[in-house]
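There is one chain below, alone, in structure tokens, taken in the form predicted on its own.
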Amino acid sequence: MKGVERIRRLLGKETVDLLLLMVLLVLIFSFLSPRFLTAANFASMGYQAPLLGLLTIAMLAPMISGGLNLAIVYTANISGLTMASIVLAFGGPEAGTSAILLGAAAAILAGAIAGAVMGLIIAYVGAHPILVSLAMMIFLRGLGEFLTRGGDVSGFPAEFALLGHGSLLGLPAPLWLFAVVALAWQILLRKSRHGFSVYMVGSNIRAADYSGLPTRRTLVLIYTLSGVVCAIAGILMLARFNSVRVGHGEALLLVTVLAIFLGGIDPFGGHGKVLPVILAILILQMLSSGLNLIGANPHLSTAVWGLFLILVMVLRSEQFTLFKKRKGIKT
């Protein structure tokens, strides 16, 4: 027990608890299905988890700042659609590398603009992030359906498959992409002035403003960067599905919120780390893959994710904390 306590102090309580939960899930599913501890299953998870991971990273900074970005999925969709339109305009399946790079740049720009608009309204108008991001979500969904007429857009070069289904040094390419973005966010939030401002805004925006921090600029940058990560997720979505459709991945919106809470992010802002959130993403992917391998109904994983969210809220409630103190329970 003393060894566990030392590790908790070194890595943090949330990280150690999530690692223990991950080990427990591995033991349970490896017992229930002999295919769980196989290279094929881990490779499958390596291709599936990064999309959820990128969307969760896009939600991370807004949540730490005390806000929310409900438009992450549709920002990803409209960014993917932007890239698809440019690639199709330059020949579709015959488009060259320059067209692909131009499309990727346009997609990132589209995501950044969507995020910046939300940030500007939140920072300078004072509207609540939930209402602003909900309005942006509805706008982007309507715009995307208008442009695509509710259908799929397809017909892309074979190079797209390398990002969605390729590998590098034996690991799935999407996993490398997610690792780079997650590392960048870890450095940004923990080692930069902007990251410090994000936490201060989440803790007490008025105090941060009085102390001279550029709170408005921080809010605009938070949502702009969130839009950029959404755009990267949209590009990956395009490569994974080899098509773009408004609504792709919309079921992942609430799962990103679950991953955020499971990773120990304070819903009121001001607290949270990247590593526990990454572990939470892996846990949710293990749960989904494990249930799939034992032949459970695909919709059961969604129900289990919902139960997870309820359980996390109960375990982190003030009443449960007081109950543990009265009973002398150590965690």
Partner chain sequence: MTSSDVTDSQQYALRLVGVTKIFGGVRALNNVDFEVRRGEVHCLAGENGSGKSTLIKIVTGVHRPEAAERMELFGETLDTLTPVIARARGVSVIWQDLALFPNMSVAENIAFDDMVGLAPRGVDYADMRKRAKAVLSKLNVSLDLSASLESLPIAQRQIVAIARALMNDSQLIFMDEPTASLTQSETDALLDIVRTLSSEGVAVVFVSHRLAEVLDIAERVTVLRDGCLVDVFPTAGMTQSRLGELMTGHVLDEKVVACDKQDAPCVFKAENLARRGEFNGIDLSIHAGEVVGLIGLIGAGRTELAHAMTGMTRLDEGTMHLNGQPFAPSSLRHAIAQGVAYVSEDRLQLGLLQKQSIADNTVISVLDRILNAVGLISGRQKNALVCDWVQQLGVKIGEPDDAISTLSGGNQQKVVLAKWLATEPKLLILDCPTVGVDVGARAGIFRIVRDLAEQGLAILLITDEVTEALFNSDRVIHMHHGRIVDTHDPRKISVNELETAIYV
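Residue numbers count along the first chain shown, from 1. Please read all numbers here as calculations on a predicted model, not as lab measurements.
As for the form predicted in complex with its partner chain, it is not shown, yet the points below apply to it.
Its partner chain isn't shown here, but in the predicted complex, which of 97-105, 200-208, 220-228, 156-164 has heavy atoms within 4.5 Å of it? Selected stretch: 200-208.
Just one of Trp185, Phe90, Trp176, Phe196 has a heavy atom within 4.5 Å of its partner chain in the predicted complex. Which one? Residue within 4.5 Å of the partner: Phe196.
Give a yes/no on whether Arg35 approaches its partner chain to within 4.5 Å in the predicted complex, heavy atoms considered. Looking in the predicted complex, residue contacts with its partner chain do not include Arg35, since no heavy atom lies within 4.5 Å.
Find out whether any non-hydrogen atom of Gly170 is located within 4.5 angstroms of its partner chain in the predicted complex, and reply yes or no. Outside the cut-off, so no.
Heavy atoms within 4.5 Å of its partner chain in the predicted complex: does Phe268 have any? Flag for Phe268 set to yes.
Does the 4.5 Å heavy atom contact test between Ala116 and its partner chain in the predicted complex come out positive? Although its partner chain is absent here, Ala116 would stay clear of it in the predicted complex, with no heavy atoms inside 4.5 Å.
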